[in-house]
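Given as structure tokens, the chain that follows is alone and in the form predicted on its own.
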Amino acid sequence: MALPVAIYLAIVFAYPIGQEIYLSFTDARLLDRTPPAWVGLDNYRSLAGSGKFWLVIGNTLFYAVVANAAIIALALALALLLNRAFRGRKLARVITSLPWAFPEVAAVLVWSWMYNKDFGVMNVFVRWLPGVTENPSWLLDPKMAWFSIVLMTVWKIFPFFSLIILTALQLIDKELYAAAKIDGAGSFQLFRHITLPGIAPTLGIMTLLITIWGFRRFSIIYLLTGGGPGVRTATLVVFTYITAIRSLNVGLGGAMAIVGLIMSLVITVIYVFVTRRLGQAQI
């Protein structure tokens, strides 16, 4: 009974990954008709000695940490708000989920227009700040480019996870809150001892998914900045595309892809280890 699933996984996952691992040990180049030559660890040595590669690794970790922290914080705050009873709550849930419903490429193109230095609408908002007299270089200055990328990422991603957290909140037994209030618990105590433990498994899975998705997120970064200026905003997946497709160096790009795969596996192993330790501690 497991054979069809095993065959599917072998075709869809195992074979492409195996092929990528093989190419990472060769000098394969795109559009080259000659068979690739085996170069061993040369591609990995080249990455280890490349300043650009380590800059890209730092960019990837920075993007994963900052964007993911903002997404989780905003999603949690919105879920707590939507979990309260108020008039128009259903409409509010629909409106807040709209960013996730927009096609990603179309959304990025709209945001690119909003970030235009000459006529972008974001210039109107930033001019309200005291001391700002010129339109920022939203996508050309590295610091502003990272701010622009993170802002657009948070806007696009957080509604989906807020709905997931909201579902977890509604599964918590309301009698627990009633009993705690009778014992004199305040709002912070209710959140700390009932709400947070109740949604902790959901937050854990969500953090893992956001992190892995952040490592492989391509469209937002590539369409906004192309990884530039230079590679100052390039993450590992964007730099892999630039190396393997635009520069035609499939072997070196394959090595980068394998490094990204290893990083994702390490994060997954850490998550599993931490959740098991926490589960054992609770028992």
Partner chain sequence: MRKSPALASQRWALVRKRAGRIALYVTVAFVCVVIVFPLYWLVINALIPGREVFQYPPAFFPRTLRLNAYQEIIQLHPILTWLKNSVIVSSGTVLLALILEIMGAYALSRHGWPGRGLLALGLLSTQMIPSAVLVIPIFIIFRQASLVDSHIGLISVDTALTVPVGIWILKGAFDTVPEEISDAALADGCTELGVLIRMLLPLSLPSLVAVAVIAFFTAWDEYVFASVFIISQSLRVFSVGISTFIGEMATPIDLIFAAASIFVIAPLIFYAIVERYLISGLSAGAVKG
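All values reported here derive from a predicted model rather than from experimental measurement. Numbering follows the first chain given and starts at 1.
Just so it is clear, the following notes concern the form predicted in complex with the partner chain, a form of the same protein that is not shown.
In the predicted bound form, does residue 204 have a heavy atom within 4.5 Å of the partner chain?
Because no heavy atom of residue 204 falls inside 4.5 Å of the partner chain in the predicted bound form, the answer is no.
Since only the chain is shown here, I'm wondering whether residue 219 would be in contact with the partner chain in the predicted bound form (any heavy atom pair within 4.5 Å).
Although the partner chain is absent here, residue 219 would touch it in the predicted bound form, with heavy atoms inside 4.5 Å.
Spell out, yes or no, whether the shortest heavy atom distance between residue 200 and the partner chain in the predicted bound form is within 4.5 Å.
Contact with the partner chain, no.
State yes or no: in the predicted bound form, is some non-hydrogen atom of residue 53 no more than 4.5 angstroms from a non-hydrogen atom of the partner chain?
No, residue 53 is distant from the partner.
Would you confirm whether the three residues 81, 85 and 106 all fall within 4.5 Å of the partner chain in the predicted bound form, going by non-hydrogen atoms?
Looking in the predicted bound form, the three residues 81, 85 and 106 all sit within 4.5 Å of the partner chain (heavy atoms).
Between 67, 28, 47, 257, only one gets a heavy atom within 4.5 angstroms of the partner chain in the predicted bound form; which residue is that?
Exactly one listed residue reaches within 4.5 Å, namely 257.
Looking at 173-181, 140-148, 189-197, 86-94, which lies within 4.5 angstroms of the partner chain in the predicted bound form, counting heavy atoms?
The contacting stretch here is 86-94.
From first to last in sequence, which residues of 203-232 have any non-hydrogen atom within 4.5 angstroms of the partner chain in the predicted bound form?
The stretch 203-232, when checked against the partner chain in the predicted bound form, contributes 205, 208, 209, 212, 213, 216, 218, 219, 223 at the 4.5 Å heavy-atom cut-off.
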